[in-house]
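As structure tokens, one chain now follows by itself in the form predicted on its own.
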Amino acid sequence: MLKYAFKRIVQGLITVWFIATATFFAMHAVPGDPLSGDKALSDKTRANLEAKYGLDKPLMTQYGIYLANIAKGDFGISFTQENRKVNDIIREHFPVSATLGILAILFAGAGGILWGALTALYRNRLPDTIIMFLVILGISVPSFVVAAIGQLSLVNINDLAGVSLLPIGGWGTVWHMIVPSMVLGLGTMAYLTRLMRSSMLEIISSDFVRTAKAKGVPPTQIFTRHQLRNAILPVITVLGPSIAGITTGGFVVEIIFAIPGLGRYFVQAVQQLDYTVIMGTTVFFGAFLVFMVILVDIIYGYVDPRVRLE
């Protein structure tokens, strides 16, 4: 296990290096620069700013400095936010995105396992048909549409009730988190439901389940110890990337619901060509995703003793 874990960590570091390198050269290939939006700059002022941020150095020199700073955990200083450090932006706003993502993945995981198991148990019957129809909608409808519909529904519900039952935007209380987390986790829940259903159907018709039934094992015990436990393994496999994807992919939801998460700053940085913020958040998100994949791979070996990772 230790050998496998070390190997996966090395592979993860190589992946993060590739993400950092691709992001660096992609950003420098984009037309314009972070200083081009300010038309009042004189040549001398521009030269001083370029020297301050290292933009006057050769590209490969900038790349070497960039990698060295990343190795030290320093993502640099934002070009557009009054010398604010990228590390400070991540430290202050990623917890908001992470909180929203954790709530969304709890909603998606619980719903996906529950609805997937129900559709398998009631295969080709009314509950299966209704749930799978909703699953297709959840997978097909884009997140920004779901977010807009969710916010509009909140407005109508609050108008009908005459009071603000749930806030339609902002952040700060548990009530602010309920609807955005449900909207963010809906697509993942639909995907996990379909995955759980397929896995459950395969387990239901397996030999060891038929043997347990022949031995007179109670149906509840068969469901919990044999069917559910084995059917959930594929869900665990994709849960790590799903956690990272939800946590780092809530840009649209954060913007629509006015949530001060890291996604909003990433979008603003793209609009303003803020190199350091874009590269810093991209590398951070990429490293987080790689870490979650490695973590799930290692946990998978403990969950299923049949797996021999080495």
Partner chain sequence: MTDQSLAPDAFKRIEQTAQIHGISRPSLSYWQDAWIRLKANRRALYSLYLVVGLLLFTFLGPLIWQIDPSVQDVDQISQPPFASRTVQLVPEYQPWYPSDELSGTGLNFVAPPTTQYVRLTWDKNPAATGGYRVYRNLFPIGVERAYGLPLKETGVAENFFEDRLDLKPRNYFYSIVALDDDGNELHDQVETIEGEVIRVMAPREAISRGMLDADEAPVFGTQYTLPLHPLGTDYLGRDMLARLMHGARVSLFIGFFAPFIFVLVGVAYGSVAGFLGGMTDQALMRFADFVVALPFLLFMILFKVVFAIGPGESGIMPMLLAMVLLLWPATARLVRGQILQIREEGYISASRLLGAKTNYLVLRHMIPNTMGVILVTITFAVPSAIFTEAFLSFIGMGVAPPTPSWGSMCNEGIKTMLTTPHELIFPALLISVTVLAFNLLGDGLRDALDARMRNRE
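Please read all numbers here as calculations on a predicted model, not as lab measurements. Numbering follows the first chain given and starts at 1.
One more form of this protein exists, namely the form predicted in complex with the partner chain; it is left out here, but the text below deals with it.
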Checklist entry - Taking the shortest heavy atom distance, is residue 271 within 4.5 Å of the partner chain in the predicted complex? => result yes
Next on the checklist: With a cut-off of 4.5 Å between heavy atoms, is residue 27 one of the residues that contacts the partner chain in the predicted complex?
Outcome noted: yes
Next on the checklist: Against the partner chain in the predicted complex, would residue 251 count as a contact residue? Criterion: heavy atoms within 4.5 Å.
Outcome noted: yes
Next on the checklist: Whether residue 266 contacts the partner chain in the predicted complex should be assessed with a 4.5 Å heavy atom distance threshold; does it?
Outcome noted: yes
Checklist entry - Which residue, 98, 130, 236, 139, has a heavy atom that falls within 4.5 Å of the partner chain in the predicted complex? => result 139
Checklist entry - Along 267 to 289, which positions have a non-hydrogen atom within 4.5 Å of the partner chain in the predicted complex? => result 267, 270, 271, 273, 278, 282, 285, 286, 289
